[in-house]
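Only one chain comes next, encoded as structure tokens, the form predicted on its own.
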Amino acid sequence: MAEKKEKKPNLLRLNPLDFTKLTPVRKARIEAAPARELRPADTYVPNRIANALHPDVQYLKVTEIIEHDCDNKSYILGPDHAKGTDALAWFSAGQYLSLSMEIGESFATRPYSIASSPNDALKGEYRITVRRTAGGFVSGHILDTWKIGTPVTASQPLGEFTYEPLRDAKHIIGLAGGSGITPFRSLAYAVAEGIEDAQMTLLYGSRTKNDALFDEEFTALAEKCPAFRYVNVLSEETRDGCEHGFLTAELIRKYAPEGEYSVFVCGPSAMYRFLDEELPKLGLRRKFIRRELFGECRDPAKEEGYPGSKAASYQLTVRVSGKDTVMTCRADESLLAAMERAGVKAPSHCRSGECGWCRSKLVSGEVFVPKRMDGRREADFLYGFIHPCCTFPLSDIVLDVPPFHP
């Protein structure tokens, strides 16, 4: 006789009210269970893994300084064991660290791409490269004051400028300009070391070959790694073995493989604006074009839709945990920049309007947000939340900011 199969319940015919009968049963089981002291949260393996990969803060220190020229230095950062950081969090090539620091009476955060191979994190090393920018408050401080042993407070690795095989094509065309080369150094080593199963052709735009950071390193890596190709693109110099001009669609097609490929872009804002006209000519699907964060907007007057300011500066009232701090905010500086200049420890990571870490409530006042940087959710528009890192005053402002404990 054939074995009678158990009839499975028809879930579509279950009465939702039947689930309410489970509450007394669960309550009785909980009351009948023996009282036992809970184990500490950090004794559970999943919690230990989560804490190792996503620490709230990493206490680091400078272990080595590599000078490239008068305006560029690389810093090797290791764990500061004395402050409780014993190992560095793993990262994906292309991610960044958000560094926080006090400079005089000001407090500032800045994102810096990790320029080293992910494997170096296992050896206790991150590498960031800092380029001096005109009027750069933090870059100048780092280049002029950091030395061996300088303590550094950093976030966990952040950002999504990373290779994802479920989304990206197997071949990457990297378009770099200026200091935007740093995440590509990390990705190049990840490809060469087999961390990422991909191929990459890197087109590096510079004014002259002497301006190209890591040039000898990339050249040597390309010679020994078939999966990595390196091309200098010089705008102000003609040299053998280098392309002359700009990162145009025509040049990209010259080095692109047949079939699908992804384009990764990282560089200055002028390069982004130029590529806004060039990349559509390639006819790529939207998912195959990846851009690193834009970085701070330093001149709202150049942004589309800027209505102009009626005054040179406004009063900014910042409310943190019910305590008000009043300061002046120039019309051409972001609310976040004004807060940091006044020494307010405001939350911030990407400084590009995307991550949402600085999300704050606009209590009153009128503001301008550049359209290209407005990464707010639809609900934020409805309930009056903004990202201070890319928001500029058009009147006196009252802002409710969440507390930040770096």
Partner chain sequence: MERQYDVIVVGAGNGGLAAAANTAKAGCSTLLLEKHNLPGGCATSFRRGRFEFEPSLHELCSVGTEDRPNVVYKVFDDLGAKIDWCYEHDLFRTIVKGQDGYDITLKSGVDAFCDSMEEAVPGCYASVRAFLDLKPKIDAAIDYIYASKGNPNPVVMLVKHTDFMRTAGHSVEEVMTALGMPQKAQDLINTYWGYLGVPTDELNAMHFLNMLYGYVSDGAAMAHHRSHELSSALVDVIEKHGGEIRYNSEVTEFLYREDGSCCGVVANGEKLYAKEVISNVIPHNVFNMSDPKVIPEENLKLANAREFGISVATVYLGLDCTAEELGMNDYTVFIKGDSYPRDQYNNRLEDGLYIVNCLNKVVPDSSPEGTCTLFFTMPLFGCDMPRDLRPQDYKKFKNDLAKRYIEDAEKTLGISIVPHIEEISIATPVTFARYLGTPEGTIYGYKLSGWDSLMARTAGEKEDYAIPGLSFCGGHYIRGDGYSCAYIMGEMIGKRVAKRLKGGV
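We call the rigid core whatever largest set of C-alpha positions still superposes within 1.5 Å between the two forms. Residue numbers count along the first chain shown, from 1. Here the structure is a predicted model, which means the values were calculated and not measured.
Beyond the structure shown, there is the form predicted together with its partner chain, which is absent from this document and is the topic of what follows.
A residue is said to contact a partner when one of its heavy atoms sits within 4.5 Å of a partner heavy atom; K147 fails this definition for its partner chain in the model of the complex, lying far away.
The closest non-hydrogen atom of P370 lies beyond 4.5 Å of its partner chain in the model of the complex. Using a 4.5 Å cutoff between non-hydrogen atoms, S364 does not count as a contact of its partner chain in the model of the complex. In the model of the complex, at least one heavy atom of E378 sits within 4.5 Å of its partner chain. Shown here without its partner, the chain carries V25, Y44 and Y163, all of which come within 4.5 Å of its partner chain in the model of the complex through at least one heavy atom. Contact with its partner chain in the model of the complex, defined as a heavy atom within 4.5 Å, holds for exactly one of S309, S92, S74, T153, namely S92.
The stretch that touches its partner chain in the model of the complex, counting heavy atoms within 4.5 Å, is 163 to 171, out of 163 to 171, 330 to 338, 232 to 240, 203 to 211. Shown here without its partner chain, the chain has P347, G356, W357, R359, K361 in 333 to 369 lying with a heavy atom within 4.5 Å of that partner in the model of the complex. The Cα position of E31 differs by 2 Å or more between the shown form and the other one after fitting on the rigid core.
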